[in-house]
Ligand SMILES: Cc1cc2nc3c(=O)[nH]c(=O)nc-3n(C[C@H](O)[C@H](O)[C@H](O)COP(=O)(O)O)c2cc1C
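Only one chain is shown below, in structure tokens, and it's the form predicted alone.
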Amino acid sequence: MPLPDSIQKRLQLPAIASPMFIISNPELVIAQCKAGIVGSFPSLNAREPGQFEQWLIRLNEEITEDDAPYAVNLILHHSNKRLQEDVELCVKYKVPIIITSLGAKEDVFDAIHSYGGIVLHDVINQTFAHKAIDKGADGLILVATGAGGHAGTQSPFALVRETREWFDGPIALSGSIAHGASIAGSIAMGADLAYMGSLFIATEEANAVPAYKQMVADSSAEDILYTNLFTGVHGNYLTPSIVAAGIDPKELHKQEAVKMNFNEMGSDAKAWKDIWGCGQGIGAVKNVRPAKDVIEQLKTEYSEAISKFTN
């Protein structure tokens, strides 16, 4: 069962642009929604007092029924001291889709459901998937191996198939998806939507420094390293950025992992500023372009891939 018709009919491509810390901002989200895919951002990206509410007002004004809806990512980890405040603002402005991460909380899900919002919870295995649905999430984002940021370790084939054995609700699949054919493959294996982020780092609208954008365009899957050192949660990072920060990737095992604390995400810690997250799918990214152009190419690639199933 895909997303409700009220949301599904507004999509030009079955895809969600994942919320990326620091990177995803209103300019990128608006460009994504205008081009026909769900754009999203973490609420914690709005770090100044009152900024999150300003962003929601702007998105509600500029994104219309003719565009794809937007989504907000809420971090449910206990270290996020802003959670209650951000939930209340999401309810006030009736955010269409909420993406929740790092914990499943019934009171948050109930608050979003109070105005008809949809909750998609990201998970890396069946244990977390069952917990999320049992507590009231509407759908799941399956984060498979190769995804950017906090990634899982399971094959997408295994993760989707085992989930579909017991869950018929909305599923978005994440993990190395940066090409229209990969979107088609996600749908073919049983997902309703592809969940993709790393390719949007290399866009003009993304809130990333030029060197980060160019590194994404210049790198491939071989340049991605999986570690929990920088945030306390295992994730994928660009090895060249680790080297540039003065760290020998071969010596990571000798260092102590940072303790996860989302209340300090605005600090100057290297984990957030100098070490750049990225997924394994970036081999498909060749240059820095407007988000609209990236999505138009995805549409063409998706159509070509779908045509192979019907010919």
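Just so you know, these numbers come straight off a predicted model, no measurement behind them. One rule holds for the numbers: they count along the sequence shown, beginning at 1.
Although not depicted, the form predicted together with the ligand is the subject of the following passage.
- In the model of the complex, the ligand sits within 4.5 Å of a heavy atom belonging to N73.
- Using a 4.5 angstroms threshold between heavy atoms, G146 counts as touching the ligand in the model of the complex.
- Contact check for Y302: every heavy atom lies farther than 4.5 Å from the ligand in the model of the complex.
- Of the heavy atoms in G39, none are within 4.5 Å of the ligand in the model of the complex.
- Here the marked residues D122, I177 and G279 all reach the ligand in the model of the complex, each with a heavy atom within 4.5 angstroms.
- Just one of P156, P96, G197, G235 comes within 4.5 Å of the ligand in the model of the complex, counting any heavy atom, and that one is G197.
- Annotated contact segment (heavy atom within 4.5 Å of the ligand in the model of the complex): 168 to 176, selected among 77 to 85, 168 to 176, 130 to 138, 109 to 117.
- Using a 4.5 Å cut-off on any heavy atom, the residues of 18 to 42 that reach the ligand in the model of the complex are, in sequence order, S18, P19, M20, F21, I23, P42.
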